[in-house]
Every structure is written in C-alpha cells, then in structure tokens.
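Take a look at this one chain, the form predicted alone, written out in structure tokens.
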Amino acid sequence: MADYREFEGRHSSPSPCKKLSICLLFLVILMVAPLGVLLSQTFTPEQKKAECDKIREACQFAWKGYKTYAWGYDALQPISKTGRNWYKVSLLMTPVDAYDTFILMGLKEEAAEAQGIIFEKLNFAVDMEVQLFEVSIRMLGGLLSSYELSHEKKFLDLAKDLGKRLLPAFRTPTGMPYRYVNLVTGETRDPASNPAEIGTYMLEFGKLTQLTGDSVYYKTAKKAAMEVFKRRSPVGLVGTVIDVKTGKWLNTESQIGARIDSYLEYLLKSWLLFGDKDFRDAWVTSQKAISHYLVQPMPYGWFMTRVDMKTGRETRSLYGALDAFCAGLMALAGDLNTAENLQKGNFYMWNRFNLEPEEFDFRKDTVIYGNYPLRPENIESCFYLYRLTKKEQYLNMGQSMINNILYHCRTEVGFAALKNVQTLEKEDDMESFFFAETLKYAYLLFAPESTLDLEKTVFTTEAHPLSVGGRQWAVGSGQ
C-alpha cells in the first residue's frame, strides 16, 4: 500500500497520471479515514427490512440447494452439487445448525422441514468417534436452542442422549477432555488439545443441567474450563496446546484466534448466562492480560497479536477471520473503546483483501492464508457493536460484508467458501455454520431488536441462542 504522505501538496489535473494519483489517494483515504465519515448512510426502517428480506432470500436459496443435492447429509458441496458427511454416518449438521435461524427469520416451512428430518433420522447410537468440540457446539447447542424455541420435547431428548455419550471424553487425570470420543463405546483419543477444545462446553453443558436437573454436566464443563485457567502464566495468559493427561503446555504461544478464541468467549458468557462469579473473575483476569499484551494499535485499526504466554513478548504479528470475534466480545464485556478500534481493524482487513483472509500479517500487511470458509465473526462483531452503541457505521460495515459474501460466494445452488480472497476462486464447501452463524448474525443486525433480546439471551460460539435463567424471548415474525 502506498504511503499517503507521497500525495501531499499535489493538485488535481486532467492528465491521466494525475487522475491515477487522485484515484490512489482516494483509495488510501478509504483505508485511513475515520469510519464515521466513510460509513455514514442512515438506514430507514424500510431499508432495514429490505436487508432482512435479502438475507432471508439467500437463506432460502442455500437451503433449497441443500434439500435438492445434499438432503440427509451433513453439508452441501455447492460446486459439485453433492452432499458430504463428517463421519461414516450423517449427524444432519446442516438441519440442526439451521433450525433456530429459520425460527428467528420466521421461515416456518424451512423450520418444519429441518425438524422433520431431525426427528425422523437423527440417531447418536452409532459406533463411531466424533470430535467433541464440533459435535458439542453444532449438535448439542443446536438441539438445546431448538428446544427452547420450539418447546418440542424430542429436541431435548436428543440433546440428553448426546450429552451422555460425550461425557466419557472428560475422564482424564485433569478433567480436561480428550479431543475425540466414540459415541457407543466411550473410547477416547488425542490428549494434545487446546483451550478452545477444552473450555467451550459450559454454555451447552450448563444449559443441559438447567433443563434436566442433572448437575454432572455443569460440574464437568466448569472443571475443564477452570483447569485451563489454573494453568495460566504469571502474566495471566494461556498457551495454544496442552496435554490433558499431564496438564503440561506443549505450545506456549498465546493469542485470541483459533484454538483459544471460544475458551475466552465462554469465560465471559458463562458469567452472563449462569451468573457464576468464578467465570466472571476468570474473565476479568484474562481480559486484563490480553488487553495489556495482545492489543496492537496500527494506523488503520487495532489488532491482536501473538505472544509468548510467559513473557508477553510478541512472537508473530498474525491476525485473521477467527480473531475478528474479539471486537464483539469486548463490546459485550463493556470495553467499547477497544471493541470499536478492533472493529476498525477488522473492517480494514476485510476491504484490504476483497473479503477477510483466514490469516494475515498486520505488520507486513500481507496475506498468510487466503482462504475464506464463509466465516461469521466480522459480521458478529458488527451486530454486537450496533446493538450496544446504535452507531449506523456498523450497519454500513455489515451491509458491505454481506453484499461481498452474497456476490462473490454465490453458486448455482448455494454459497461456496473461497480458496483465496485475492483471486476469489471458490472451494466446494458450504459448512453448516453458514446457516447457524453467518446468515443469523447478518439477519439480526438489521432485524428489530424485539426479534431477540440480548438482555435475555446469550449466544453460544456457534450462535445458538440460549435463554438466560430459562426465560424465553420473542421470536422472529418474518418481518
């Protein structure tokens, strides 16, 4: 990127060279000017409704593709027009992940279709191992939110069955779980885990305790998360990889992206959902550490870097799509200054490379890994920041991102991940979280606040809404 100072003192001219300079200057201004100036459109109720309609139509389009080409599979492959399963038997990840999104959008027909196949075919009594983390956040979380929204007991019955089958994973000397567990035999494997795959069960397991009265789930998930927190460094940071049998750190790099992100998220949200002061204290301690050692101001926004957990010294200046959730988390925690500056960085990252890359070096301003798998975190942060500040710039940001996704990722039958955000080459993949998270946050950004009350609701890391204290919330009317 050119330095903006090289254009100082220049005057406009009709010559091609001068015109090019003016264009370059405008592009640079877009990168460094205050977002409040650049993102100034005010949305009327009619315009917000039009955005909701657009997102709802995209959701229906993607669901139609899944029904036509991948019905009964975990996910649609939207380029080859085929279905894909994670394991030898489908767990119906797309219907389970999508159901509460359909409810909130008022898509009654789609919700009925998803519920029908879930009740007819979903079965966990299958002799196969599954990844504890993904099955918990997608399946268990989805079933629990579906139950709270629909009051259909079958959803809760399925959640209870799954919860029991996941518990053997936590039978380790430390209480921190193995990464994989067999749904029938309870056999486990892979003790080299990470904070996210250890500490991201409290919302789902805690809600299961709340709905069933069985305290084992709450106690199990809390112990796992607190065992990670207990092993923080003297400066308050955790590492990236840990042995769940010995409690020894295998990778001492600390950051807020993949393999740590949702552990931090659940420290705060477990306090918000259950009022457990131990989680509040753990979050406050962790927030102070990451704010002190990880936050890095740059001319075009703030980012979170990577550091050694013991010293706080920077190891790599990497940031990416998953890290973008932290702006929303900081907003939810009440630190709006950090949140807004991080979101400025998030939006820069998005626009700098067409869409946000999975990973980039914010100091060198270069892409490290250019994949975009339809992730929601940047839009999620727009949602929280708009709800908590009411600043229109976050609607503008969200609209820009959503339009990019709907245009660049659309295929004949759905929406595809991108192999590289710079070339915009598509990848044959449409993960279930596109329904659960990306489309949901996009819709809720523009939907009336009565659609979902943040005072009464906490989102899981997969964006499945769970009611605080068991209370219910108003659901979408379809606008």
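As the structure is a computational prediction, the values presented were derived from the model and not from experiment. Don't overthink the numbering: it's just position in the shown sequence, from 1.
Unshown form predicted in complex with 1-deoxymannojirimycin (DMJ); subsequent notes refer to it.
Proximity of residue 110 to 1-deoxymannojirimycin (DMJ) in the predicted complex: non-hydrogen atoms within 4.5 Å are absent; the residue sits far from the partner.
Looking at residue 269, you'd find every heavy atom of it more than 4.5 angstroms from 1-deoxymannojirimycin (DMJ) in the predicted complex. Interface residue remark: residue 63 is not counted as part of the site for 1-deoxymannojirimycin (DMJ) in the predicted complex, having no heavy atom within 4.5 Å. Not displayed here, 1-deoxymannojirimycin (DMJ) is approached by residue 433 to within 4.5 Å at the level of heavy atoms in the predicted complex.
With 1-deoxymannojirimycin (DMJ) left out of view, the stretch that reaches within 4.5 Å of it through heavy atoms in the predicted complex is, among 225-233, 67-75, 129-137, 279-287, 129-137. Proximity to 1-deoxymannojirimycin (DMJ) in the predicted complex holds for none of 255, 308 and 312, with the criterion being a heavy atom within 4.5 Å. A single residue from the set 262, 193, 343, 220 has any heavy atom within 4.5 angstroms of 1-deoxymannojirimycin (DMJ) in the predicted complex; that residue is 262. Just one of 118, 322, 367, 332 comes within 4.5 Å of 1-deoxymannojirimycin (DMJ) in the predicted complex, counting any heavy atom, and that one is 322. Annotation for 368-390: interface residues with 1-deoxymannojirimycin (DMJ) in the predicted complex are 375, 376, 377 [heavy atom within 4.5 Å].
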